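A single chain, nothing else alongside it, follows as structure tokens in the form predicted on its own.
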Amino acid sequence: MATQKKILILDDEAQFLELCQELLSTLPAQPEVRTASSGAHAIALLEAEPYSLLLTDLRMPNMDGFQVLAIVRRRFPALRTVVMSGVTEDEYRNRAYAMGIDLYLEKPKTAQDIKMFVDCVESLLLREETGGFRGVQSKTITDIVQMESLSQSSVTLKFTNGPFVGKIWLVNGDLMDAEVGELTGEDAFKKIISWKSGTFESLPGDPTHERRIMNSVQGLLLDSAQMLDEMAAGEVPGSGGEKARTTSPLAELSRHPGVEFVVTTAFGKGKEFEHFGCDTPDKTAAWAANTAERFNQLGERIRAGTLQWVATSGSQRNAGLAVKAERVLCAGFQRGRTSGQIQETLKKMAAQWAS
């Protein structure tokens, strides 16, 4: 049986501690959530038993968050750390990242902020500690880009891999550009994503930087992952006797903002399906077909016609369905997307799918 994960939250505001403890206790991993209102108490708890994750404020009396992080890095180097602060200045953010934290988030103020906060913590708990970039404990470039996008950051990410230096620009979580050597845009982004280790720096954002990447973060990450998988399998484009890489139509659909995966299938059990970026495509395809059929049956009973599209929400992510003839398109969306955003994206995806 897996060991229960433990989270420690450090903040001098009692109400914020109670809110975080309540929110994180309901995560699917069912972590044990402890709280501390002072740096000294937090260090004592960390020394008493192992924790998976520390969330800390920065501005606190006596021992502030930076002092706590400095002690944590020396005594508990494997502990994942997240800063939750009302401080928005780049100076504090960059200093915290330089100390090796995993993520810097502003304290949530809205329902959407709370969803983003919970999703970020859940993702950190599920990450396996496998190599990564110095400066962000045991994380890959994909992890870093996803987290910055999810937290809607405006930041310039600088990666160094031996003699090579690459930069990725994000503005409000949207991917703007990438650069390494003479490469720019998507080509540079895919080159940087292929790096397995090196050093990492978080630099101030540049809202005026020219946009050369028009695809969504998730879509481009999925496309890059497919490229890396094919390269690992020896399917290198342009090499003699090996298969050339082609872009999947579903990969193109996944480029829409907020889309995490795409599955298409026919009505009925056991039908063939296609997918891109889905961890459990067989179960997702079966659910999509069954859900679409039931909506069609309901439409017949109430004389409302057949299903065109529907948006659903769940504890893990949101999903949307679109129907064309006897086939169903199912798309998974980031949890922060609203029903209106899902509807608009589904309409665009359905039109592209039908063409």
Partner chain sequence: MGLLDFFSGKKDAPALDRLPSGSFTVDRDGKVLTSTLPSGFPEATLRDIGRAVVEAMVSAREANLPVTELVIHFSGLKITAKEQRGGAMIFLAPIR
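Since the structure is predicted, the reported quantities are computational estimates derived from the model, not experimental observations. Positions refer to the first chain, counted from 1.
From this point on, the text means the form predicted in complex with its partner chain, which you will not see here.
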item: In the predicted complex, Thr280 touching its partner chain (heavy atom, 4.5 Å); value: yes
item: Close approach of Glu32 to its partner chain in the predicted complex, 4.5 Å, heavy atom; value: no
item: Partner proximity in the predicted complex: Gly166 to its partner chain, non-hydrogen atom cutoff 4.5 Å; value: no
item: Residue contact check: Thr110 to its partner chain in the predicted complex, 4.5 Å heavy atom; value: yes
item: Candidate stretches 188-196, 140-148, 96-104, 206-214, one within 4.5 Å of its partner chain in the predicted complex by heavy atom; value: 96-104
item: All of Arg59, Ile114 and Arg301 with a heavy atom within 4.5 Å of its partner chain in the predicted complex; value: yes
item: Contact residue in the predicted complex, chosen from Leu307, Leu46, Ala36, Leu27 - any heavy atom within 4.5 Å of its partner chain; value: Leu307
